[in-house]
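Two forms, one chain: they're shown below as structure tokens, one block per form, named structure 1 and structure 2.
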Structure 1
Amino acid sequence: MASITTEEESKLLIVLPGDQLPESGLMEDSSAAHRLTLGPGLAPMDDDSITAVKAGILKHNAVGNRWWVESNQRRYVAAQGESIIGVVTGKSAEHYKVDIGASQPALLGVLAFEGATKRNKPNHNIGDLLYCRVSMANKDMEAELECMNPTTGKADGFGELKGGFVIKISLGLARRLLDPKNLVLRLLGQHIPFEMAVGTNGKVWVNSANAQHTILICNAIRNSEYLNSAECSAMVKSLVEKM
């Protein structure tokens, strides 16, 4: 049985499906009333063990005794609260059908925009790019989206993305791009002004002054996935020099 020791938490602890978490290690925070929160990649099994179900890095947060597996994949599975980029593929009286890269298209209510009423609502066409928030997602139904912040009712950046270009990347890379300290974006920003929207569904929208810059930025983002910091700097430098 492949079991995980908690002593190795400081370095990357890689787990595969079938690896079981040791019971003793999980209950170290006994002050949290023996409660355990499982995130993505971990599931309780019939034999009462907690097993990893995806390959990835085992992570732990002492706050709330949270355990999860940080894994990477290319297919998106909708989760509530995430910000994603979708393409309108259909329109009905009440909903837009939006392709978000999941197994089924998601539904976006026609009135789920800032200040929308029956008389005054935005009109989107098939093929439009929208930056939305997932308002509801579960495994049995189509996901539902909204183009506004639910607590304030304001757009807050959600809505149509005009112009620009969208590329498809892995979900892990998309999450890394959301980090404010992301290296490739910082390096690109030193040479080219651009705007960008990152969808956690693996889609990135980039817009800059001309097509050449946009393509350069998209290529740099794609190339940066498996590079380390030094290689990344060299890659951006060589792309910018060719400009």
Structure 2
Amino acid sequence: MASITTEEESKLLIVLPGDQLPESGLMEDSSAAHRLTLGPGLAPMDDDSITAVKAGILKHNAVGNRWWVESNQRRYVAAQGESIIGVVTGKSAEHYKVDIGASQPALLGVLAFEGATKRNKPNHNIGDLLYCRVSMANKDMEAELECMNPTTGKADGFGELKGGFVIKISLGLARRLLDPKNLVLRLLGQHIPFEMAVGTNGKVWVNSANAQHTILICNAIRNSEYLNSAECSAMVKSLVEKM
């Protein structure tokens, strides 16, 4: 097995609700400092400061200068721009109701698909599995979804997920799986061809050539949550050898 190493975080900044984030810390090492994007767990105040609204680890993504608080809360709270996996639970002439694991169902417009028009629109049934993007999120209203990239108008991977298998994982692990450098996914990709969709609402869709590979991938993902790099490599190696 080829050796893969991951870059450990030099320091973790833990924040609590009410903690005010220093402006210097948010703006440093960013070429797009004037375009600060706040994700879940952070909120702007009236005095232009930024305050944490939940406990967790402060995270940063240089792409888009995005900051958020990563925590392992049990219930998903929708945030604009996040990708989620949901199940259609109802339909009407104007929209679908989609269960995304939040406190209430989200709404998906029938025209919120690539190339959809009033005469030509997709027809999804109750129980269909959809990969969507949160287009609007408000704590006082139902979240709104779309199955396309708002910039290009293309599907870009969003839409119905056919076949495969869905597992439920913690919200913290789901966010870690979205990292392109995620170790367990890179190790699995060396041995098994598969496709996967990760929702920040804690749902993961896995599809591979056969059921044995799918089960192995799902088990590896679940097992990796509390393992370090060395333990993760040994775990994947052990699972692959048993195939």
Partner chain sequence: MSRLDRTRTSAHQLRPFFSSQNLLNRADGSAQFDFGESSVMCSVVGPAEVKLRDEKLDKATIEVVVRPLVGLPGIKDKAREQAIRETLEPLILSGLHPRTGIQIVIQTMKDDGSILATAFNATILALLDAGIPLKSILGAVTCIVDAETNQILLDPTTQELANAKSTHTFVFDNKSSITSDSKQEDKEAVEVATLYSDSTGLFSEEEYFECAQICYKAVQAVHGFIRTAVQKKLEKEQQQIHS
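Structure 1 provides the reference sequence; residues are numbered from 1 along it. If you're wondering where the values come from, they're calculated on a predicted model, not measured in any experiment. Each form is matched to the other, and the largest set of C-alpha atoms that superpose within 1.5 Å is called the rigid core.
Looking at both structures, it is structure 2 that matches the form predicted on its own. Assigning each C-alpha to the better-fitting of the two rigid parts between structure 1 and structure 2 places G159 and N65 apart.
As a two-part rigid-body motion between structure 1 and structure 2, the smaller part of the chain turns against the larger by 31°, taken from C-alpha fits. The two forms, fitted on their core, place the C-alpha of A52 5.7 Å apart, compared between structure 1 and structure 2.
In the core-superposed comparison between structure 1 and structure 2, the CA atom of N61 travels 9.5 Å.
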